[in-house]
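First comes one chain, alone, set out as structure tokens in the form predicted alone.
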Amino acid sequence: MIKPVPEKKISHNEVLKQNDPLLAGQLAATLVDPDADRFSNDDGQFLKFHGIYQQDDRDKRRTGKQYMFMIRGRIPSGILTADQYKVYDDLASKYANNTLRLTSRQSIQFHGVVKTGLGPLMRSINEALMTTLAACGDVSRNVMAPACPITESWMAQVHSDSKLLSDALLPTTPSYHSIWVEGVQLDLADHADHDDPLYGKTYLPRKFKTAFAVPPLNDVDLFTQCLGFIAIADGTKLTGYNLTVGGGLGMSHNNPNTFPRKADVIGYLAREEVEKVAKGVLTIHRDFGDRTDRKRARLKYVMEEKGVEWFRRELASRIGFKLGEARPFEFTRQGDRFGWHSQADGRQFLGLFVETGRIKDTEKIQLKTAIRKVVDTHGPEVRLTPSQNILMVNIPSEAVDDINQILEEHGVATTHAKSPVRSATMACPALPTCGLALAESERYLPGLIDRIEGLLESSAIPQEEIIIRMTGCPNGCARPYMAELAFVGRAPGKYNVYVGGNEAGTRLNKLYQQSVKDAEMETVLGPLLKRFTLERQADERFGDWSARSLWPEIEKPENS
């Protein structure tokens, strides 16, 4: 007799959503409880849908957990008016740790917020007509788009489409406004019929990431996204987009069933079909994603298991038409522009490097104060880049000298003086705030880059640009698996080293060496960079050389 295969149980998170589709939990009641310094573990899961992570200071665990919160904004395309930026800056000083953390999805995070400051901070964001709703959680996250100022008349339409999708893919639960604006605890019984028209009662199996890209620049790392739109223009007109689906980088160490994956190009759609197609893709994830194992719950695994042709048929059945053949496109580069540049309309924009994405004041460089003074004085639009840097745009030419003086007075260089390798770095926050971190990242990377700059100097290539990214765990928040050289935390002071991504962001890298200790970095990287110097072809980048020369060695049977 054949024994029946037991049915897999849905994950605990699915049970929580099923039992409370409002995503309200007991958040409002706990928020006003003076004796509670934290929310329950279950309510901590609901908090994520509201853009909040409950954390504790891991530097202080020996003396007991000191709970705090990370709050993330939802900022489509990373675009803020001057007044909106001021709100974030004020709140960071008043309720957080006096820093603004730029994210790899063009948003801003507050760190170090204690429970008594959580309510006022959230209320202030909403009173400024901004939101944190769905910045985290099993929903569509912040929608990305190129940050660089308009160079073609149609590029403003890309930002418009990004905002359109950001609004269209928001969940409709009334609990967000009730908790954070009205301070009211919703009774689930009074809203028993709540069924989100897009997400249903249980939302998505896991997070869902969307981005727009304008070739040849791939600054949003389009192929890492669940859903991507590649702008296709005909002369001066944006006609539509090529659709990509199924990218994602999160994985787990020692779990071969989890892996990074590049998105597939699915086809072409006219611009007016963007919302319909996006909802079609999202609902496929909703209906076919794994709700039993959160490590396998991303859309990329649906694509990997069912294939592109199945996906095309399923999407066509949902949207009522087939996509056209993908139009030609080419990505050639990533990266931000630093220093002063002219816009197409004659005004100026300024790109500022923000090391590891942390806007803060130090003894030598008062970056937070300087940016705020420029915004107060000249009111530029502020744009956050996918590489965790900042642009101030739409600046009249006559304001340039005054802005230069303000920045100089605060130790901020307007002529970008950082080395090419440092300028191409990115790190996740990791310790002490992230509960998933296995190793340091933001606090460790600048010192490691000091050492790598020394190795480049000794290899006679001090001006070499290498795209370097670091994360404190394998979840990949800083998109390490697309970098030319990456470090992924494995344990305290130990990192897996990856090589072979490319400048265009179209190739995943591969694991080169596991569990490299801090003290071993020069031993591993020094010979690697010297060999690169000797073996590279004309103008060959480190990532391309690595894929050509190191990958065959990595893939030998003894290394598999």
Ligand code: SRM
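Residue positions are given as counts along the sequence shown, with the first one as 1. Please read all numbers here as calculations on a predicted model, not as lab measurements.
The same protein also exists as the form predicted in complex with the ligand; that form is not shown, yet it is the one meant from here on.
**Q** Quick one: of Ser166, Thr433, Thr202, Asn389, which gets a non-hydrogen atom within 4.5 angstroms of the ligand in the predicted bound form?
**A** Exactly one residue meets the criterion: Thr433.
**Q** Which residue among Ala424, Ala135, Leu448, Leu367 has a heavy atom within 4.5 angstroms of the ligand in the predicted bound form?
**A** Among Ala424, Ala135, Leu448, Leu367, a heavy atom within 4.5 Å of the ligand in the predicted bound form occurs only for Ala135.
**Q** Non-hydrogen atoms within 4.5 angstroms of the ligand in the predicted bound form: do Tyr53, Ser104 and Arg206 all have one?
**A** Yes, each of Tyr53, Ser104 and Arg206 comes within 4.5 Å of the ligand in the predicted bound form.
**Q** Quick one: does Gln225 come within 4.5 Å of the ligand in the predicted bound form, counting heavy atoms only?
**A** Yes, Gln225 lies within 4.5 Å of the ligand in the predicted bound form.
**Q** So, in the predicted bound form, is Val499 in contact with the ligand at a 4.5 angstroms heavy atom limit?
**A** So Val499 does not count as contacting the ligand.
**Q** I'd like to know whether Met70 contacts the ligand in the predicted bound form, with contact meaning heavy atoms within 4.5 angstroms.
**A** Flag for Met70 set to yes.
**Q** Should Gly248 be counted as a contact of the ligand in the predicted bound form, where contact means heavy atoms within 4.5 Å?
**A** The answer is yes: Gly248 has a heavy atom within 4.5 Å of the ligand.
**Q** Spot the stretch among 237-245, 168-176, 265-273, 108-116 with residues whose non-hydrogen atoms come within 4.5 Å of the ligand in the predicted bound form.
**A** After filtering at 4.5 Å, what remains is 108-116.
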